[in-house]
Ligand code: AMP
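Quick setup: one chain, the form predicted on its own, written in structure tokens, and binding and motion questions come after.
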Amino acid sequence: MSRVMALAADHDGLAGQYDFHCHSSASDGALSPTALVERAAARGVRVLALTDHDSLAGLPAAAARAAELGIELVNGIELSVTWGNRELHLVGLGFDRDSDAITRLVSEQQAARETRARRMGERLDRAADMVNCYDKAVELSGQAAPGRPWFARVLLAEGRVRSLQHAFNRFLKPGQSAFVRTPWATLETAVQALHQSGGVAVLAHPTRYGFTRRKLRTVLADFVAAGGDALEVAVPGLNPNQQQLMAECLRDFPLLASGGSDFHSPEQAWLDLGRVPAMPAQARAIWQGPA
């Protein structure tokens, strides 16, 4: 049984004391894995999942510091996947980080990320009149496969944009000159790898994809058919209509409820660690497992 599913045996309730979605400098977060765990502890988090983008690199250091501070660290990852011609994100929780299935998938995802990063750097060198943009992003991030936020920081440091958001709007978001589509793993492949590794698959931040209600239900039907386990519904910033939609999705699909801050940086105070809203009424939390 997945470690996240076993939490019910260890805790009477985790409301306000968990965070199952956050990022460290092992992907695109501002804090090191150690500093992130320390911040979580200072904010009363008892159970934390570090979910870096397509990376397991931060988990050993995070686990060591969590053990020192008495926090339960759940192995986590945020996987980029393809659904049709769209990119979705799956949060994986509670898997064996040394299993062949997850390490093989992560290796493939990292190779795809590095190819994308090199192509992105080449495009920015032309479009933004830069020199060695990829190398600068690598140096800044300490990664061979820096994601778009690192390139945005390079653009800002070089004075090519007014802000990080301007970098995305001008160069890095879909449809702009430096955006590069990536051949991610399929939805089905990612879910299978998580299950083979003893973990569970959560559809991350479902309201952020810009789907209509009907399209979202189609996604959820395919996610359930692929073996998906949970829906990330307890997230900061949902309006009442979105909250109602999440409750309806949990009612209509056999999915558990998960949640997290999606913390990246202390500068985003509204997404701070542990700032996870209450689950919808009647939701069955992921740590409780299936009924």
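Residue numbers run from 1 along the displayed sequence. Quantities reported herein were computed from a predicted structural model and do not represent experimental measurements.
Heads up, the form predicted together with the ligand isn't pictured, but that's what we're talking about next.
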Margin query: I need to confirm a contact call. Of Asn132, Gln165, Thr218, Ser107, which residue comes within 4.5 Å of the ligand in the predicted bound form, counting heavy atoms only?
Written below: Gln165
Checklist line | Proximity to the ligand in the predicted bound form, single hit among Pro206, Gly121, Gly94, Gly147 (heavy atom within 4.5 Å) | finding: Gly147
Next item on the list: Sort through 67-75, 134-142, 193-201, 109-117 and report the only stretch with a non-hydrogen atom within 4.5 Å of the ligand in the predicted bound form.
Entry: 109-117
Margin query: Check Arg39 for me: does it contact the ligand in the predicted bound form (non-hydrogen atoms, 4.5 angstroms)?
Written below: no
Check: Does any heavy atom of Arg46 come within 4.5 Å of a heavy atom of the ligand in the predicted bound form?
Finding: no
Margin query: So, Glu232 and the ligand: in the predicted bound form, are they within 4.5 Å at any heavy atom pair?
Written below: no
Item checked: Residues in 263-288 close to the ligand in the predicted bound form, defined by a heavy atom within 4.5 Å, in order -> His264
